[in-house]
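Next up: a single chain in C-alpha cells, the form predicted alone.
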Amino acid sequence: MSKTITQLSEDFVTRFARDLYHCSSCNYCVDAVWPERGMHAVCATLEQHSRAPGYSGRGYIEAARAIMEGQALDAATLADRVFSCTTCGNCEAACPLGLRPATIGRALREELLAVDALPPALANARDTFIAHGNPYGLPRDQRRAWLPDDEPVAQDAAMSLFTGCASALPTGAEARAGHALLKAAGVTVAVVSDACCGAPLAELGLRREGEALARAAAARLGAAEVLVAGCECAAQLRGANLKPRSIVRWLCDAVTAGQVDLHWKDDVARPSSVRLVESCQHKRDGRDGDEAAVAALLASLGCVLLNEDFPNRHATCCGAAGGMPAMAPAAAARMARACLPPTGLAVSLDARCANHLQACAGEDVEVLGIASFIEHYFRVAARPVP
C-alpha cells in the first residue's frame, strides 16, 4: 500500500493558514501573460516539464488546503510535484494578492520528509551530500583545488571570502576568477572554501539541518565583512544573521565609489553583445540588487546587452535549482536552453546557474559566470589614494 499524508504540522498551519484561504484561484501563478511587465510565462516546470496544475503554485496551495481539511493525499504523487519545483519564486512574484505558493511548496517538502516520502532521486542527492559535503559527489579537499599553491593564509584580513559548492566545484572557475578580481583590486581576503552553507540540504526540505550548517559556516567567518561567490550561499548565510555581499556587487560599489578602475582589455576582442541571464536568487532585489548594479556598470562601459530589460523579475528559471535537475534532468535542460540566445555569449551572476547553463548550452553559445566574464574581458586595478 502506498503511503499517504493525512495531516500537516502545527508549524505549517500557523505559517500558512492565511495563504491557503485567501487564494482566489485567479491562475496568475499558472499561466499569466503580461508582455508590458515582461511576463511571458510564469512557471518553468509547467512550460518544460508538465502542464498538470498540481505542479503549479496554485496546485501546492490546493494540496495543502486539502490535507489541512482532512483529505488523505498520496505522498509519492505529491512529492513528485513539490520536489520537481525549481523553487524560483516566480509564482509569488506574479501573485496579485502577495501569497507565497513557492514557500508553501518548499514547506510541503518538510512535511513529506516527516512521512519518509523523499523521492529516490533526491534521497540519492541527500546521501551524496552527506557523504562528500557537496552536491557534486566530489572529494571534500577538491573544494580548495582552485586556490593557488602559494596562496598565503590571511590571518587578519579585513574581509572573508566564502566560496560555496557551485563556485568552487566542479571546476572552481568562478571562485578562481572572483579571487583574482579581488587580488587585482588590492583586496586581501581570508578564504573559507572548505565549508558548506547548507543550501543544498535546505532545498531538499532539510531546513533545520541546512540552517545548522549555515550557523557553523557563519562562525568561521569572523572578518568584519563577508564576500560570497555563490548567490544561494548569500541567501542562506543571511538566515544566519550575516550580511554578505557578492564579489561582483563589491566590485560594482567600489567602481562607483571611485576606489577601483575597470577598463576593457586591449588584447582581448570585445564581445559584440552579451545576454545576461536572470537568477532566481535575485528575484526580490529590485533596483537595489546585484543584477541592476551589474547591468548599470556594463552599460556604462559600453557593453551591449541583448536583453535591455534586464533584470526582469518575471523571467523564468533556468532549471538549476530545486529538485528539478535530479528529478527531471531532461526538463531542466530544456529550461536552460529556453534562457539562452541561439548564438553568442551569455553571462550569469549565479555560479550554480552558470554551471547548469554551460552543461546544457549548444556549441554556438558560450556561457560564463559573471566573475569569469569580468576577469577575462576587463582590467581591474585599485585607484591610488590621493
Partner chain sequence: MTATPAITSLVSALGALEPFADPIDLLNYRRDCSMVAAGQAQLAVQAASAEDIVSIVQAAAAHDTPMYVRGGGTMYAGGANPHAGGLVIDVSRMTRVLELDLARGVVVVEPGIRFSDLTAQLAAHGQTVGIVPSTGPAATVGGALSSHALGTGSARHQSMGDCVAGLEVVLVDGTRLRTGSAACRDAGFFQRYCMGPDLTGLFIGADATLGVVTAVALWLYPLPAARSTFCLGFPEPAAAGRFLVDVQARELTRQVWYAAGYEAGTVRARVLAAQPEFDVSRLPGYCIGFDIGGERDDIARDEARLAALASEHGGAAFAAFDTAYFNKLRLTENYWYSFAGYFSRSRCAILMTSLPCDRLADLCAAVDALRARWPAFVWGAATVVCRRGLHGGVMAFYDERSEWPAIEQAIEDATQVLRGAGCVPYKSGKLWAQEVKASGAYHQVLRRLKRELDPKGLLSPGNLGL
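On a predicted model such as this, the values are computed, not experimentally measured, just so you know. Numbering follows the first chain given and starts at 1.
In what follows, reference is made to the form predicted in complex with the partner chain, a form of this protein that is not presented.
Enquirer: Within 4.5 Å, heavy atoms only, which of A224, L97, A219, V153 is in contact with the partner chain in the predicted complex?
Expert: The residue from A224, L97, A219, V153 that makes the contact is L97.
Enquirer: Among D253, D127, D194, D74, which has any heavy atom within 4.5 Å of the partner chain in the predicted complex?
Expert: Partner contact (heavy atom, 4.5 Å) among the options: D74.
Enquirer: Please run the contact check for C23 against the partner chain in the predicted complex: heavy atoms, 4.5 angstroms, yes or no?
Expert: Contact check for C23: yes, within 4.5 Å of the partner chain in the predicted complex.
Enquirer: Consider R245 of the chain shown here, and say whether it contacts the partner chain in the predicted complex, taking contact as heavy atoms within 4.5 Å.
Expert: Although the partner chain is absent here, R245 would stay clear of it in the predicted complex, with no heavy atoms inside 4.5 Å.
Enquirer: Answer for L78 alone: is it within 4.5 Å of the partner chain in the predicted complex, judged on heavy atom distances?
Expert: Output for L78 is yes: heavy atoms within 4.5 Å of the partner chain.
Enquirer: Can you check whether G70 is within 4.5 Å of the partner chain in the predicted complex, heavy atom basis?
Expert: G70: no contact with the partner chain in the predicted complex.
Enquirer: Quick check for you: of 58-66, 317-325, 332-340, 352-360, which stretch puts a non-hydrogen atom within 4.5 Å of the partner chain in the predicted complex?
Expert: Among the listed stretches, the partner-contacting one is 58-66.
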